[in-house]
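A single chain, nothing else alongside it, follows as structure tokens in the form predicted on its own.
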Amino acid sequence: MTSYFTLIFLVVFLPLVLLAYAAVPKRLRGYVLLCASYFFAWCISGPRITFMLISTLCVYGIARAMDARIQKRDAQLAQVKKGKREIKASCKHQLNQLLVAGVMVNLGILIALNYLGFFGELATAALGLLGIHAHFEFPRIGAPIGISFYTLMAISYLVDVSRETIKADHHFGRLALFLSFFPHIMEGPIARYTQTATALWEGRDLSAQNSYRGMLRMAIGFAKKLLVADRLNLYVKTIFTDYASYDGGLIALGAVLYTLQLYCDFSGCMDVAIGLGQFFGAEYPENFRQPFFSRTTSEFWQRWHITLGQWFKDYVYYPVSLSKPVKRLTTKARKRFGNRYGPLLVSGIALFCVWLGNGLWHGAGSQYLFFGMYYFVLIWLGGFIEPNARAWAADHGIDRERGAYRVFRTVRTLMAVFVGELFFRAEGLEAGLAMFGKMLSNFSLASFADGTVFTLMSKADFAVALFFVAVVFIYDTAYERGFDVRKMIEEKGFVLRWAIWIAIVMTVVIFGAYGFGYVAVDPMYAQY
């Protein structure tokens, strides 16, 4: 069992979990889910899940220590009339110390398991530029599944406890389940403690309505992955592993198809994860909101991997922006450059921190650093350009939200996204630059005219993939226009509701990319 998309998960693991969950008393259902989650993680990661347990123990202990310090402060404040400011300041200082310790332990584990080799390469290269010959090499231990996801959830929990927006959980099992629940452990979404912890541990009864909602959402996710993402892998993998053999036109198509593949794979996995949560009455946050309708790169990242963007916004962007040094710098910039451009200039500091972290979060590689800096530059510059573009359109009587101008903005954004994803998928920054160079210098449609394109992927596979890409586009268009497709299906009569579900499942069975001639593709974001 390596993912949700295996037969053993669907016909053995999940049914057994549901049966055990329904069979035990309500007070024990949380333990059933916790055991199932650690078993699922063990099947994929083996003994490396020990690191997940260490992180959980650390977070639990430090949050309890924070809670004890907060209670001590409140008791002291109730007993005195003077010196309250000093008591609060002392408590805040100690909470910050505990928070730093917790964050360092969790980030330290993540860095040690995923990034030491990459940082060693950077250090070797940097010293080489100074004429110092040194080589840093670290053993690769391997990380447990979902470490990048549960680490961010652990940090958000500690920060929220230190901010006193939530209370520390004194129940270790509930906290452990929040961090390890098997539907989200592979690819997210990145939930907050208040969103899922209580619901999961309550042991809510399985219901026909929640079961159908979960099954429908899972079926849609399987359709996206097996009908589109895994089929497009035939073309994408060939192009990105042997780009030197192909012209710029085929590489450009590869960038477009990879973006579609990534969307259908990742959003499909989110559908499965959210659907699994719905079985047990837990509502996970949405991670995508029709990103290909975005008009700017900033808007794109408000619609794509939403929970990651929100995490960086709440726990990196705002803390950096509201820090005393940055606020002082903003005041000076306002005086020097005015109220419009001064804050925008300084906001680049927080934005840089966000996109440096975002790039590194995705992986230890130069292409990921470039990916982060690429979007940092686009979004930061967009902040300067957008007000002027808005004013220009108003002066010329152009409605930027309708017609040809909106189409232009959307197409422009998509082109920027395709280029970004090319670098993201490339096997190193050097490969990404070479592929981008071929797109510019050796772009040709000859490979489409002479049929070379169909040596990478058959006409039948292209036809099936593009047909279902169109279906996904129609599905997303409906949501963009305010039609909740899933809710409409769920409100249909019993016969029609199940007929639609069966039709989706049978379509996946008949047209899905699996079996002879296809290589099973693990969920793409599971590596992060």
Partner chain sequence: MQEEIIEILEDINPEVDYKTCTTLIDDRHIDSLGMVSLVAELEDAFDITIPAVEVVAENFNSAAAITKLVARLVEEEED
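Quick caveat, the model's predicted, so the values are computed rather than measured. Numbering follows the first chain given and starts at 1.
The form predicted in complex with the partner chain exists for this protein as well; it is not shown, and the discussion that follows is about that form.
Peer 1: In the predicted complex, is there a heavy atom of the partner chain that lies within 4.5 Å of any heavy atom of residue 318, even though the partner is absent here?
Peer 2: Heavy-atom contact with the partner chain at 4.5 Å: present for residue 318.
Peer 1: I'd like to check something about residue 383: if you look in the predicted complex, is any of its heavy atoms closer than or equal to 4.5 Å to a heavy atom of the partner chain?
Peer 2: Yes, contact at 4.5 Å.
Peer 1: Does the 4.5 Å heavy atom contact test between residue 322 and the partner chain in the predicted complex come out positive?
Peer 2: The answer is yes: residue 322 has a heavy atom within 4.5 Å of the partner chain.
Peer 1: Using a 4.5 angstroms cut-off on non-hydrogen atoms, would residue 170 count as touching the partner chain in the predicted complex?
Peer 2: It does not: once the partner chain is placed as it appears in the predicted complex, residue 170 has no heavy atom within 4.5 Å of it.
Peer 1: Report yes if all three of 165, 327 and 347 come within 4.5 Å of the partner chain in the predicted complex by some heavy atom, otherwise no.
Peer 2: Every residue of the spot touches the partner chain in the predicted complex.
Peer 1: Taking 4.5 angstroms as the heavy atom distance cut-off, pick the stretch from 383-391, 429-437, 253-261, 369-377 that is near the partner chain in the predicted complex.
Peer 2: Residues of 383-391 come within 4.5 Å of the partner.
Peer 1: Can you pick out, from 289, 406, 412, 204, the residue that has a heavy atom within 4.5 Å of the partner chain in the predicted complex?
Peer 2: Filtering the options by heavy-atom distance leaves 289.
Peer 1: Quick one: of 343, 214, 249, 357, which gets a non-hydrogen atom within 4.5 angstroms of the partner chain in the predicted complex?
Peer 2: After the contact test, the surviving option is 343.
Peer 1: Can you tell me which bits of 83-114 touch the partner chain in the predicted complex, meaning any heavy atom within 4.5 Å?
Peer 2: Counting only heavy atoms within 4.5 Å of the partner chain in the predicted complex, the single contacting residue of 83-114 is 85.
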